[in-house]
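Below, in structure tokens: the form predicted alone, a single chain.
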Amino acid sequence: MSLRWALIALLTGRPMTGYDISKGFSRSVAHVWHAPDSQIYPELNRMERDGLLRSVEIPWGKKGTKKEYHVTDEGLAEFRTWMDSPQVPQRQRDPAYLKAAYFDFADPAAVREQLRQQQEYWEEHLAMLERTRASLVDRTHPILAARIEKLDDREAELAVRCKVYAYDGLIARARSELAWIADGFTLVDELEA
């Protein structure tokens, strides 16, 4: 269900086509809520049927058209209701932690390779998060820039600060994962000895 709120959050900046939503999603909202195109497009159709979005046909190419999605008043109202409702913490479901609890069953070389792959992922992810945070701070992030054009200075500053706050949490999580992985390399050395 959170995918629909992620899509509305993205569309609060400006109306977009499905293609623009997919591209924008991968550059922003996907950092906090991952969803492939195979989930995005059907959800857009459901949201339109549910009255949260409306679409208009816009010209595309020489003879074609495509849908441009707009958030409806009902969509914004439901988004605000969701934003105002308490968030129930989710229990952890991460295979990396499950495997770590049983490293003593694995070959140390296999553990090192798993840790190396996780380390590579988190280093790349951290770098992307830091780049995105910088583009939020300097207001060059295209989705944020489109949204804050419609806001007064105080509202724009608060919107930027909220986004930066979210990215600060994501960056802290990535750094924590990297520290945990470093501890894993130390542990596998001990397991091998």
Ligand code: VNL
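Residue indices: 1-based, along the sequence shown. Since this is a predicted model, take the numbers as computed values, not measurements.
Another form, the form predicted in complex with the ligand, is not on view; read the next lines as being about it.
- Contact check for Leu115, Gln119 and Val188: none of the three has a heavy atom within 4.5 Å of the ligand in the predicted bound form.
- Stretch-level contact analysis of 36-44, 50-58, 66-74, 130-138 against the ligand in the predicted bound form, using heavy atoms and a 4.5 Å limit, identifies 130-138.
- The ligand in the predicted bound form comes within 4.5 Å of a heavy atom belonging to Arg27.
- Within 4.5 Å of some heavy atom of the ligand in the predicted bound form lies at least one heavy atom of Val32.
- Taking the ligand as positioned in the predicted bound form, the residues of 156-171 that bring a heavy atom within 4.5 Å of it are, in sequence order, Lys163, Tyr167.
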